[in-house]
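One chain comes next, on its own, written out as structure tokens in the form predicted on its own.
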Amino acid sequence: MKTTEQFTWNPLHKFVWRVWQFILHIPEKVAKGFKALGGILLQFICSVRDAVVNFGRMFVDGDIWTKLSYLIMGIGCAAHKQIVKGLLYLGVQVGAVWYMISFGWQYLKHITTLGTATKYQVWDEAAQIYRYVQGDNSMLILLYSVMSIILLLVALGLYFSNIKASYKAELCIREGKKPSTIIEDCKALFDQKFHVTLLTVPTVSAFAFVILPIIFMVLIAFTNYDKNHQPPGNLFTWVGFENFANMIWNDPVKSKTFSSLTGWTFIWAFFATFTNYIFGMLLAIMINKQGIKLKKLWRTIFVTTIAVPQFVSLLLMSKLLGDQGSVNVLLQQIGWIDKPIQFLTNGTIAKVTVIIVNMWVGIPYTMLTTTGILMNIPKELYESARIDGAGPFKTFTRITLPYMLFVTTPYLITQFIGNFNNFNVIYLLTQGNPLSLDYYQAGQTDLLVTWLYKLTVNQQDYNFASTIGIMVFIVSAVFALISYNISPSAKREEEFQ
């Protein structure tokens, strides 16, 4: 419940109050989180229990063919006059067994060690030369093991589907009905189950090209896969949470690099997001202000900057702002400076420079986004504010800014996370430089994502890069969820309609 004084607070007071209230309620929110997690876990356990009970019930109540379906997939469907469906299930079982015998098992059996035999030489008596014999390949063992486990889970799901289909067909026969034919099942895929037809290809593609690579890269964080352990010549193996421990406290250089770059990444994301947002909004307000002529011309001028590819603008700015770039040369020639300004080679100045350059490439986007929203703010609110004697600043802080924040909070969160992982601006302007001896393979303007890139491409520290990627995901996800849930957009979504 708001007090009378709270209605007269300015936005800064309101922001501080909301942060303080959030801090006070952290224990309560943590307790609710654990309670919700417990509820999800309990629901999962109950679902597993119900599935097991149902699995046993179908075995007890089913006839001999349904019981045989527990051993031979498809035999129950075929016996219950669903021959094509039964053959398809049988094909799945045969295919799964053949895959495991001929391919999958040779990798799965090494999953605990990721291989033990390295490449070695043997003497060829006939040719009188040494020949290399290929050993294990840790990367292929991990990749194909993950793929095999996913395929086994899919086969397991089809195994339960086979039993359920056999029992369902048996019930139809008991009730004097005819089980559905393969033609009827195909027609259902374009009618009642059309969603299954539409989602099958995207789901399979997501597993093949998104989920499988993600699982593989996450597991890399728990290995010692680096430049010294490159298969097949040198195998890598599991190291548990050693990489996380090194990143947080065990290794002083790595932990300092991680903490410093995390702090700079948050600073960069904050200023890169809110400078573009505020100045883009102010630019839109000035262009839309009554009395301003040639509004379309001004919008076109700023939109034209978007037509130039961002990487072209950033590469050009990196050349202009170099120590021997055009800006420094011009300032020296007109006598304003005696020596070049280190726009990109001094740590502090470079950080300020990348924020300012990011405003150049980012403000036009925000101007376009906010222009449409500003046009939808009811004019009556501004008229009432003028009658009450409110000036431009008061009108902005009491009407425009709250409305904009309410509507664009999801956009702001997206922009913040995007800037948190903004590779282009930093890498194309400074390449993360200037380098620092206090950091592990990183520069002072590196973000976590550019550091991750350097570790992967330049140093082949795949395990540590994967660890950083996991931490970036956790930080981004936690921030996005918390910030959105405490925002007015989530709490008062029915307002401003």
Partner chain sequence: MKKTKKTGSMKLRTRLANGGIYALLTTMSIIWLLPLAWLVLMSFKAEKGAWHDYVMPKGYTFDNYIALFTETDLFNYPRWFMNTLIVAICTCILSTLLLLMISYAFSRLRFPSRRKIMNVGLILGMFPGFMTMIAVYHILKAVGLDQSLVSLVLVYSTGGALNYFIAKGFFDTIPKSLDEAAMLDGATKNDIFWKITLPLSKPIVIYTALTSFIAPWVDFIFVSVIMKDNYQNYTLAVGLYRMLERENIFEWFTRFCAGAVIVAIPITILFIKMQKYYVEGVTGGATKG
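Between two forms, the rigid core is the largest collection of C-alphas that superpose within 1.5 Å. Positions refer to the first chain, counted from 1. In this text the structure is predicted, and so the values were computed from the model without any measurement.
The same protein also exists as the form predicted in complex with its partner chain; that form is not shown, yet it is the one meant from here on.
Screening 68-76, 86-94, 234-242, 357-365 for residues having heavy atoms within 4.5 Å of its partner chain in the predicted complex returns a single hit, 357-365. Candidate site formed by Y144, K293 and V457: every one of these residues places a non-hydrogen atom within 4.5 angstroms of its partner chain in the predicted complex. None of I341, L401, L315, L152 but one reaches within 4.5 angstroms of its partner chain in the predicted complex through a heavy atom, and that residue is L315. Here is the short version: of G418, P410, G135, G347, the single residue with a heavy atom within 4.5 Å of its partner chain in the predicted complex is P410. The closest heavy atom approach of T369 to its partner chain in the predicted complex falls within 4.5 Å. In the predicted complex, Y439 stays away from its partner chain, with no heavy atom inside 4.5 Å. Put simply, Q444 is far from its partner chain in the predicted complex: not one heavy atom of it is within 4.5 Å. For F266, no non-hydrogen atom is located within 4.5 Å of its partner chain in the predicted complex, even though that partner is not displayed. Residues L282, L283, M286, I287, K289, Q290, G291, I292, K293 are the members of 258-297 with a non-hydrogen atom no more than 4.5 angstroms from its partner chain in the predicted complex.
After superposing the rigid core, the Cα of V204 is displaced by less than 2 Å between the shown form and the other one.
Positional change of R386 between the shown form and the other one reaches 2 Å or more at the C-alpha, relative to the superposed core.
Core-superposed comparison between the shown form and the other one: the C-alpha position of D185 differs by less than 2 Å.
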